[in-house]
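Presented as structure tokens, the chain that follows is alone, the form predicted alone.
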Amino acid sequence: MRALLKGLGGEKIQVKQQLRLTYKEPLSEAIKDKRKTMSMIASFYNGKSILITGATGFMGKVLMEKLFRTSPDLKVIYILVRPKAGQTTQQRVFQILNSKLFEKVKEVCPNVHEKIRAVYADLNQNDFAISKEDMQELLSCTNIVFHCAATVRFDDHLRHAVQLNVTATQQLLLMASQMPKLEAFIHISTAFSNCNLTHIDEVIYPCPVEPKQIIDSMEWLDDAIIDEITPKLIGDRPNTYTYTKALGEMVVQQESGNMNIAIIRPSIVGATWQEPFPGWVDNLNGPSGLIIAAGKGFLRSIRATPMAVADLIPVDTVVNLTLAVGWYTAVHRPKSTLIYHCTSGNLNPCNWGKMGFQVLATFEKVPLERAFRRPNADFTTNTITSQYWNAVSHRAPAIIYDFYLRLTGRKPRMTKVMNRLLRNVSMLEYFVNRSWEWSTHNTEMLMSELSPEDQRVFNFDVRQLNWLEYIENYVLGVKKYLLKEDMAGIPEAKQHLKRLRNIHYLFNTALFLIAWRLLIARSQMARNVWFFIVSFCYKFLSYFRASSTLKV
């Protein structure tokens, strides 16, 4: 009897298990279907308190916009801001939110003003000069830190570059270590932090001198000594920017402790590719300054290798990867600090020659207003040729124009503008004459971890990028958003270019006639050639008239 009951009990248990299994399977499928239609990354940031440094910069603005647009239920975004150009911190925030970039955000998150908490801070000072009340709030509430703040000036003094790119990173890590609710710390570096190498892996490369020694020495060395030792410290790197960003990575590695940290290395960050709309850009860094200089006719020649890879990456691609890394680092908690390369050269290369050709082709259709000369930039490959064209195509026209300004009673300014442009271009020559290889194993691994919906919403697959379309949108974005030129002015801009073309032809003709006249006056051979040409033309006309008379 007991065996029978046991058997019946066993059958009952098996039936229950079968019922449970048959009920569980469609439930799991439903959950899977639901996960396919929702973004896990967007859901992750809802309810979070996020600290962003560098939020008033180019990438910081796009990062905020994407967070508010995809995760409108996030709790708060803390941004470190200092007054600038007579504006208070609140006025600067108001100006950012009322820009074209945040138009879509206001539709999905009408109370966006209430979700931004501007904290007065100065990264040049100890503890960032943050008040005790604000510091306590940041330490007790922050869940995610995105460290985007940095000086990106290539010619910045080493002391200032160390303060912003190294010391500030160290101080922020110290703050983060005191945040009990911190889930992830994401540090934005640069793919060129190790540009002295040709092949760069997703690892942190050590510098000869420890960051702490550099930080300490900056406190007591005077500027003259720092200027003297800077070339020895940076070694085969081209500038203080790349050097101090490498030091910043070492600081992150050394000060990470038990925190969940990741480093993202974007290459040359350019205008938006897709989000919130194509071509948005608001600063002169990277290719934007070159595009304007070429479009206005200031830049006619640059020393560059046309076949070198232009490792440009759209800013929204960098932001999408950053948010995906923040989610992955907080949820999966990797055992070590992972580095993610955000580059295009290995997966979807585009060279400088192709890019330059497309920029000029776009200016044919959509020229910039009030150009100095017609857009027509060429690449030179050696120093002597570059110096020649700088003298002929850049400095000489600037001097002539300044002479014209003096004659008309105006202050000369073109030579100063041209010298500044050539100085900035010379600092970019290191990057437009070389190609690099970056490994992207961690970036590709992260892409495979995302659901189809997350791959769509937070797309950082640069293989899908159409370069010709992107570059055209980039040029249009520079015209509309950076220079704020109206598209209705395109016909007048084209007429202006025609006038410049006619002036160019007239000037060249006059220059040729003057040179030829001087040559005739000084050379018997030139006079003989001139008389031969004139007599030949006279005989040809006489023959033509005679032939016409015979036919009649």
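In case it trips you up, residue 1 is the first one in the sequence shown, and so on. Because the structure is a prediction, the values reported are computed rather than measured.
The protein also exists as the form predicted in complex with a small molecule; that form is not presented, and the subsequent description refers to it.
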query: In the model of the complex, the residue from 78, 241, 460, 273 that sits within 4.5 Å of the small molecule by heavy atoms; finding: 241
query: Position in contact with the small molecule when the complex is considered in the model of the complex, options 93, 188, 398, 200, heavy atoms within 4.5 Å; finding: 188
query: Distance check, residue 479 to the small molecule in the model of the complex, heavy atom within 4.5 Å; finding: no
query: Distance check, residue 131 to the small molecule in the model of the complex, heavy atom within 4.5 Å; finding: no
query: Interface membership of residue 253, the small molecule in the model of the complex, 4.5 Å heavy atom rule; finding: no
query: Touches the small molecule in the model of the complex: residue 58 (any heavy atom, 4.5 Å); finding: yes
query: Output flag, 122, 266 and 269 jointly within 4.5 Å of the small molecule in the model of the complex, heavy atom basis; finding: yes
query: Answer range among 208 to 216, 280 to 288, 174 to 182, 385 to 393 for contact with the small molecule, defined in the model of the complex as heavy atoms within 4.5 Å; finding: 280 to 288
